[in-house]
Ligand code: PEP
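Only one chain comes next, encoded as structure tokens, the form predicted alone.
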């Protein structure tokens, strides 16, 4: 079964989301474990649905003085079962470090919320042959001081930064080679076979091609998850 995650980012409004949810409730695909990650104010709209609820962010503290953040405990209270961490937009625009991401993962695991850890390289890093170095730094930083059991509860999302929102998608061979590099890095540390998603301009035009990659556990989808009718069309192509 594929894990498919919709990341709405900072998009959509309550009126739109009510229709979005109602339409999505009519969709069934037994080959998909669907997760919806709406913007934070709308988490409660997606409670008790027939798909999993995810958050786009979590704070680094269990509780206390961190204005504007939300704790893993609060997310758990809302029925959240997945949470995105380490997305490149937060790394680059909000200066999130590997140490901050590591702390967020620890807080999520305390509440039995599955972290979806995003990792990936820029075009310059790919061109200069630094992919392994970048991925190793992000993985080791995110997993610092975690046990093998804790790491096994994390889902990875490989998102080449140069493909996010650009309409450019790596070839299947490039994705397969990078997933192999990720597994080699992990095997040197903990010998675990984690679920790996792909994210970065996943759309109706390339989903059939991406489905040919055998070592993909699913997808993290941004822009293509926003318009409900085309989103359902994309979901119908997965796992068939």
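Values in this document were obtained by computation on a predicted structure and should not be read as measured data. Residue numbers count along the first chain shown, from 1.
Absent from the display: the form predicted together with the ligand. The rest refers to it.
- Residues 164, 199 and 222 are all found to lie within 4.5 Å of the ligand in the predicted complex, as judged by heavy atom distances.
- Partner proximity in the predicted complex, defined as non-hydrogen atoms within 4.5 angstroms of the ligand, places exactly one of 123-131, 108-116, 87-95, 68-76 at the interface: 87-95.
- In the predicted complex, at least one heavy atom of residue 159 sits within 4.5 Å of a heavy atom of the ligand.
- Mapping the unseen interface onto this chain, residue 9 counts among the residues with a heavy atom inside 4.5 Å of the ligand in the predicted complex.
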